[in-house]
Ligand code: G3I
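A lone chain, given as structure tokens: the form predicted alone.
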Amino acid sequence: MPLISRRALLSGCVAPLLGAAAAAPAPGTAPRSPPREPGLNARALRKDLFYGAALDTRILRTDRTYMAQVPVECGFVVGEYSFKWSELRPEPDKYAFDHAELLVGYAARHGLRVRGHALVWYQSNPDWLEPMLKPDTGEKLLATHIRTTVGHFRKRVVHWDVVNEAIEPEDGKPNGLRDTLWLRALGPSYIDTAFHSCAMADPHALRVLNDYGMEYALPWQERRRGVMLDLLASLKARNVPIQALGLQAHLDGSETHLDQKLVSKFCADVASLGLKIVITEMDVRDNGLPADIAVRDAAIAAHARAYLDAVLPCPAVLGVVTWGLSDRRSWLDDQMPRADKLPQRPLPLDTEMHRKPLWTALAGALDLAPVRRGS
């Protein structure tokens, strides 16, 4: 199937984000103060890109200050957990869409678009799933789950991370695939099944293979890049309806092996396969940086800018999603904490919802990205 046009993917986001800022004062009223700088998505749209952020449903329910800033900065939202099996399938014969519907409803009210994450992952699965993944019934179980979920949100969720984190060369499995419950039960064809099922349920949604660890000039990441390119080429050769690669871009602000030429070449190699690229989970951890906030913020911003300046010139890139909008909550504080126990600062807004140097780096990279109209 042909790739979805960039304009179709981005349409419908402009008015809610720009209307208030663009309105002129009524005649006879006092002049207003200058409008605030446009948000990240408004800047991205100028270049036919988008910007979005992941949201936790607890924040959506309880933090009005946080949620008020989401439409200011974002054109897309993605649920951190709301579309995963652990949320959607409490029992084998039951679907629970309430958390996902909460996100989709919020997005509809604010003129935002939704990315679904993720239809297949080796984590965040209900306890009942693995025992039921038998070779004779597992494929039908997977296909039914995807068709039901994607069909339920048809035309309301416009991107799907269909398979998340499919590769791990260190596991020693054929073709560098990750040793997961899916691979053990169904073999490599689980990836094909997932993409075909998603395409059947909603042929208009962008279908993405999402993974991490492809940003740096490190041997283990070089292996991952090679495995990923081979996998993508194999899927295309088998006419699996994959349309994009998602680069998670969980960056490390203290890492010194960011090679912009290498990053640019990898993006070009992906594009040469006829695939689009989405930066899907970007953040910049600071657990290897000094405690001083100014030092940390400067290093994070510089690192993010260097990465984005290498990625955004690629015409295949559609947009950037950060894994959260504000430092009020980040998975990094739980999974990769600082030794000094200080909270990390990996996201564009601080805990008071103020724009940080990382926001400025994102804005600057988007401002300088090439225009890609009509692609």
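Everything quoted here is computed from the prediction, not taken from an experiment. We number the residues from 1 along the sequence you see.
This next part talks about the form predicted in complex with the ligand, which is not shown.
Three-residue candidate spot R58, H99 and N164; every residue lies within 4.5 angstroms of the ligand in the predicted bound form by at least one non-hydrogen atom. Segments offered: 84-92, 235-243, 214-222, 142-150. Contacting the ligand in the predicted bound form at heavy atom distances within 4.5 Å is 84-92. Contact annotation for W323: at least one heavy atom lies within 4.5 Å of the ligand in the predicted bound form. Contact between H159 and the ligand in the predicted bound form is not found at the 4.5 Å heavy atom cutoff. Heavy atoms of Y190 never reach within 4.5 Å of the ligand in the predicted bound form, leaving it off the interface. None of the heavy atoms of H303 is located within 4.5 Å of the ligand in the predicted bound form. A heavy atom within 4.5 Å of the ligand in the predicted bound form is found for exactly one of E168, E80, D202, D297: E80. The contact residue chosen from H250, R113, K276, H196 relative to the ligand in the predicted bound form is H250, the criterion being a non-hydrogen atom within 4.5 angstroms. Along 324-343, residues R329, W331 each place a heavy atom within 4.5 Å of the ligand in the predicted bound form.
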